[in-house]
Structure formats: C-alpha cells, structure tokens
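Just one chain is shown here, as structure tokens, and it is the form predicted on its own.
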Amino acid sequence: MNGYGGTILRVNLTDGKITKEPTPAQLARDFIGGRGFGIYFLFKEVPKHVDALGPENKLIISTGPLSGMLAPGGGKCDWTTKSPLTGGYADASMGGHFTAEMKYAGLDTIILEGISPKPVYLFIDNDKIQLLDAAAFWGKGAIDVEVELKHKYGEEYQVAAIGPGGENQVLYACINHDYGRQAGRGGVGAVMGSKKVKAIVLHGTKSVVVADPENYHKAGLALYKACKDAEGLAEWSRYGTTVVTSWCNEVGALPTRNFSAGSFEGIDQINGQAMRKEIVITDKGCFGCPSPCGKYSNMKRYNTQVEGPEYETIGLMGSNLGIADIQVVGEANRLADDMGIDSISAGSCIAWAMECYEKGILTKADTDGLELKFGNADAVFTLIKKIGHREGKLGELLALGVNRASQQVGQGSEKFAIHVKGMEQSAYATHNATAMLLAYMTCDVGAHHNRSWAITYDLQVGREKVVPEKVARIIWLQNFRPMFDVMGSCRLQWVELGIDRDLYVPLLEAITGVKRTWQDLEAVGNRIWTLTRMYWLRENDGFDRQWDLPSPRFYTEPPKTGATAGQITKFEDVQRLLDMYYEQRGWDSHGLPTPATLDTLNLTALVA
C-alpha cells in the first residue's frame, strides 16, 4: 500500500514467537493509521474485562501515513492499550525519531502480547527481529538505559525505554524516547513493564512507496514554506509550549496549589522567559520539524540536564506545587523522566498529597516524615523517587493515581482529587471556562487537553456561556485534532503557527493515492471517537454520565485569588453541557452511543 510500511508485527512475549502479517487495506481505508489502528486492534483483539497488567492485554504501537515522510512534524507514533490507571481506553502520542525508523523497517504496527518470563528488550533492524536479555538494564533509569543502548548500537538506532516506574507498574508510568520525548499518559509504561519489556531498539532503511512522487514533493514543500513564513515561528521556536505560561496565569488558567486557583504569585520565576534566561541551552525538534519546541536545559544548581520542562510540567510541578523556581521544576522534570513516570499525573498526585497534609488529613506518620507543604522542593524530589520505586506508604499510595489514592484516604479528600475518569487533569484550571471544562469531561482518555484545546475559544466567545455553539466546537475539535495522531504528524504547526489545514490534503493524497477531504477525515475521527466510547462502556460495568463529571472543585470552590477569583461553573450548567454534548453526538442521556449512531459510523458489526 502506498504510504505504509505494509506489515503488522506481532511479538508474543510468553513464548517468544515473532510473526508478521500484511496490513489490511480495509483497515487503512476505515481507520487510516496511528490511534485509529490502535483502537481497532484493542477493541477487536483484547478480550473484555482483562487485567490491564495481565497477559491478555496488548500494547499496540502504530505509525501513520505521514510518519517519517516529508511532512512538518511527521515524527508522531501512537501507543494504545487498556489503561491500568483508568480501566478504560489509553493512548499516548510520542514524538522524536522512533516512528520514522519504525516505518523504514516496514512496520505499520507492533503488537506486544503476553508476558515474558524474564526482562527483555525488543531489537529490530529491518527484518532482523530478536528478543534479547535485558537483565543488565532492569532497575536502571529510562534515560540511562537509552544512553547505554545508543552506545551499544549507534546513534542511528532509536530507543524507547521504561524506567523503574514502568518496572514497578506505577499506574501512570510512561515510555521515554530521544532523551525527553514521552508516550506519557494512561500508564502505557506500566503495561510495557508488566510484560517485562525494558526497551525497544529499532532501525530501518527500507523505502516507503508513495503514489505520486512529484506532487508529494510539491505538497510537502508547500507545507514547509507555510511554516517558515508563519508570523509566530520565531517566538514559538524560542519558547516552545512555555510561550503560554504567562498568558495562562493572566487569564486564570494556570493550575496553582492543587487547582485551588488559576494564577500564581511566582509566575515570573517559572515562565518561558525565566526558563530561557536561566536554564535553556539549545533548541530541539522531532523528526522533520521546522519549528523546534523542545528545549535542552541545564540546572546549574544540581549539575543536571533535561529536555524540558514543557508548559504542562511547569504547570503541574511548578505552580500547582507552589514552586516558584525554574531550576527546581527542571530537576523535578528530570527525576520524573528517569523514573519513567508521567510528570502531569505525578504533579497532580503530589499536589493532592500536599493539600491533604496542610489540612491535617495526612500527617508525618503517613508521609514517612516528609514536611509535605506546598513549595517544599526537597519533599517533591523525594516523593518522585518514592513513587517510581513504590517505596514507603506514601510512594505506594501515590503510585495508584489520585483517584484511587483519595478513595483510600477518604475524609473528603475525594473532592479535591483533580481527575476525570481516573486520569489526572493536565495544566488548565477550568473554574469558569466551560468549553475547556467540557473538553476535559468528555476526553476519550480522561482529563487530557490535546484532543480539544478550547481555553482560547472560551475567552473568544465568553468563558461563562453554556450554549450549543460551544458544544459543537468541542465536538469538531475532538473529531479533527486527533486526526494528526491518526496520520502520524504533529498538530502544533496547525495550532501554533496557524498554517492552513487544507495544505495537508494534497500531501496525504500524493502519499497514499487516496483522495480525502477534511470532511472525510473528520468522519473517520468521529468513528474512532465513538469506538473509544464503546470501549469504555464495554470495560466498565455501570458506565454512564457520572464518569464524565469533573472534580467537584470546579463547581463548588471558586478561587479566592487571581484572575478567576470568585468565579465558578454551576453544577446545573455542568449537566446542561453534558446534555447538549450527548444530543449532538447522537448518544443517549446516559452518554451511550445509540444504535443509529453506530450504524451511521459503520461500527455496528465491530462492536457487536
């Protein structure tokens, strides 16, 4: 098939059997690639109600037709599995160079099945595929292991590895690659650790056949030119995602002290300008990227280096922990990366524990002696390592995620556990931002921002409004934005540089030979979105609209300080948002897709 590697690789870790099969043309037609392939295999092949950390769960790694191609940011790879954190659908998008090498090795999808009897790493060099002994790497940090494997095989080999967090099955463990890119959310690293796979090392040199080479070249160059001509390129390249930090603070969206407020008094010590001045060494891009948002940083005080921190980490491990020091945030980022745990979820769990401590719900007897107050950097460093190793009472508790931890502790702490469906909320406070609140409530993996980043839309049309137009905007974003993950390309060139999305259409056609409009692509996005909803329904008895509710903090506790002081979304408006959303999606009042909707999206047979 044009634009694809052409092969699905299956690795059965239980018996060591490695097999290949051709990528079905119908699968490419209906689900295109990336997270589309991921949910298809997850729904079709993983039995109902399996243990997410058991042998029947699968870890599905997929490229898309733009992966490794002449497309700005064509370095995205999707990791799909059943989430040990939420019990529902998990997928995580990872940048870097892994996906290009995977495509050049002729692979569209790698499916890890079963559980290895001993620690291994998967080695792929074109058609040479082996499971090798990883005993020497087990127990080591994710970054250290990547360095060792690069030294062993060479820089042209790409490495994705887990840290102690994945080995110890911290429920929000991530997978690291390229010294700072992560498949971060939902516990994909814990699933890889449960299978005793420490790393994947791969290299490929095969060609990818395209349908129309002349127009492929022409369409690719048009996209790069649009990026280079973009007015915002220089600022975006200088600051990356941290460009929004001060803006979020100004509009009351910066999570502060466990989302109790949206503005932070120490903003000038952690914003993009402070980071650039104090710790950034140089810029870094992923495969084919003309607008490098990655930043290599050096924390002189600790004599350590990290890629980052990005905005999300600054929000969750900076202001949300009461930390007004960019070097502390950078060091916390480095520790989380090497432990192989998601800095968003880890930051949220630590913030919840700090609030518990300051309210007297947790004491030093519970924290192994830590003075767990907001702003205590040493306590943050200690806790990150304890979580990664599941060490001590608090490390074990917080390794479960904030939802389970709050249910164990009780005493009202559930009300300030900030999550949706068990996934910790990323770095946008939503006390009075109804579109962004709905985006979190209905996101297909839990409270994650990248499906529908709508905070700017709230400000554009009126943040308190609860109207059908806002709901329609969220649905459009959810159908459209994740298509970049399906195609294997970064969305940030469209989001941040404002390039015309129609430029992608001729490129996709020239690569695959299939003519599609954005209307066609959004229909595929709707099919994928609805199938992920059906997965949640299938895996969780009693799944209904209660699962879509946000943390009570956002409808019961108006912030006392900052830009949103005194503002809140009423609970009745939360329910109205859901009613309108379900109706526009073609779901019933419980939030379940109707038979007619499934039939329209050609999903009836698949979900039967």
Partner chain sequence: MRLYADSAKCSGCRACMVACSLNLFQESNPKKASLNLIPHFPAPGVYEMKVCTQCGDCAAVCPTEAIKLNERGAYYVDFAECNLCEACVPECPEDVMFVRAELANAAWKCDLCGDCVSVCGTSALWIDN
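Residue numbers count along the first chain shown, from 1. These numbers were taken from a predicted model, which means no experiment stands behind them.
Below, we refer to the form predicted in complex with the partner chain, which is not included among the displayed structures.
Based on heavy atom distances of at most 4.5 Å to the partner chain in the model of the complex, which listed stretch, 338-346, 323-331, 378-386, 196-204, is the contact stretch? Only one stretch qualifies here: 196-204.
Which one of L233, A472, L459, I129 is close to the partner chain in the model of the complex, taking close to mean a heavy atom within 4.5 Å? Spelling it out, the residue with a heavy atom inside the cut-off is L233.
Within 4.5 Å of the partner chain in the model of the complex, heavy atoms considered, which of P292, G498, G392, G87? None of the others qualify; the residue that does is P292.
E101, Y104 and I281 - do all three of these have some heavy atom no more than 4.5 Å from the partner chain in the model of the complex? Yes, the whole trio is in contact, each within 4.5 Å by some heavy atom.
If we define contact as a non-hydrogen atom of the residue within 4.5 angstroms of the partner, is Q158 a contact of the partner chain in the model of the complex? Q158: yes, in contact with the partner chain in the model of the complex.
How about L59: is it within 4.5 Å of the partner chain in the model of the complex, going by heavy atoms? No, L59 sits far enough from the partner chain in the model of the complex that none of its heavy atoms falls within 4.5 Å.
Find out whether any non-hydrogen atom of Y216 is located within 4.5 angstroms of the partner chain in the model of the complex, and reply yes or no. Yes.
How about G285 - does it come within 4.5 Å of the partner chain in the model of the complex, if we only consider non-hydrogen atoms? Yes.
What residues, if any, in 160-188 have a non-hydrogen atom within 4.5 angstroms of the partner chain in the model of the complex? Read in sequence order, the lone residue that approaches the partner chain (within 4.5 Å, in the model of the complex) is Y179.
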